[in-house]
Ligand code: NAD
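Only one chain is shown below, in structure tokens, and it's the form predicted alone.
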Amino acid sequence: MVTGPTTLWVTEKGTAPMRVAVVGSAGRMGSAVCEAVAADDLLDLVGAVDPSSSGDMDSTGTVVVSDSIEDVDPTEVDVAVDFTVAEAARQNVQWCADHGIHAVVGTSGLLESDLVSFRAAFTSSNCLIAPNFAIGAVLLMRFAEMAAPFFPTAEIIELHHDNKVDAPSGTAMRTLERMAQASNEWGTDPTELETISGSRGGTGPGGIQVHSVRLRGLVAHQEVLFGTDGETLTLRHDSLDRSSFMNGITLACKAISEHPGVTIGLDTLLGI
């Protein structure tokens, strides 16, 4: 169980379980989410959606997997968790908004235009979109934001498994945005010649460089490196297993009804 501010929510709120459907239930993240929801006394796994395993039982053996979210009875679901791909997530999240169902979204690759659309759509239910559900990763983003005004140079290295299709990661992009908002005084890149094009990585908000690594055996990792005269500061978070994301996801399922509209990131839920 998550400790700190979230513990109060778990112990003080009512005991009626939130009814949860998991979209993308056959994927590695989706399967883990199904198992985490089924194991939580305050959550009830009532639906699973994944066209690749339609008609089969989900990873917990609790529910039959549906082919599409359209096949789910909206009167039987309080919150849907989406771990799919951006194209599918757009439709799934809109379906949630249309039917007054809360949405918890971990799918990466969504655009700012998607957020604008979601904000207009969620009037009778709520939506949380998080680039990362690991509590440590959320803290790292906050620490990076706090450190930003004190260092004139910084770079981000994000490292993920070799099946991740987008780069930089959503976590890296959110970290860059928060650092750039915290300080507008960043040193310029001194590089005049790249022997290999792209070796300095990509340039994000504030001119901060970001580098993406994709390796088999990794899960999700990020380093934020800060530098100033005579010293450096390195912040690093490592998700060694997908279980690292489950506390944040189950917390979001239980707390989403308390946060109207569209919320970006777990920060508000954690009280930071």
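A residue's number is simply how far along the shown sequence it sits, counting from 1. Fair warning: this is a prediction, and the values are worked out from it, not measured in the lab.
Beyond what is shown, the protein has a form predicted together with nicotinamide-adenine-dinucleotide; the following relates to that form.
Pick from M29, V46, L43, I208: which residue has any heavy atom within 4.5 angstroms of nicotinamide-adenine-dinucleotide in the model of the complex?
Comparing distances to nicotinamide-adenine-dinucleotide in the model of the complex, the residue within 4.5 Å is M29.
Thinking of S108, N132 and D166 as one candidate spot, does nicotinamide-adenine-dinucleotide come within 4.5 Å of a heavy atom in every one of them in the model of the complex?
Every listed residue reaches nicotinamide-adenine-dinucleotide in the model of the complex, so yes.
Only one of 95-103, 197-205, 139-147, 123-131 has heavy atoms within 4.5 Å of nicotinamide-adenine-dinucleotide in the model of the complex; I'd like to know which.
The contacting stretch here is 123-131.
Quick one: does F118 come within 4.5 Å of nicotinamide-adenine-dinucleotide in the model of the complex, counting heavy atoms only?
Result no; F118 lies far from nicotinamide-adenine-dinucleotide in the model of the complex.
Under a 4.5 Å heavy atom criterion, is F83 part of the interface with nicotinamide-adenine-dinucleotide in the model of the complex?
The answer is yes: F83 has a heavy atom within 4.5 Å of nicotinamide-adenine-dinucleotide.
Applying a 4.5 Å heavy atom distance criterion, does T228 contact nicotinamide-adenine-dinucleotide in the model of the complex?
No.
Can you tell me whether A88 touches nicotinamide-adenine-dinucleotide? I mean in the model of the complex, with a 4.5 angstroms heavy atom cut-off.
Yes.
Heavy atom within 4.5 Å of nicotinamide-adenine-dinucleotide in the model of the complex - qualifying residues of 33-57
Read in sequence order, the residues that approach nicotinamide-adenine-dinucleotide (within 4.5 Å, in the model of the complex) are V49, D50, P51, S52.
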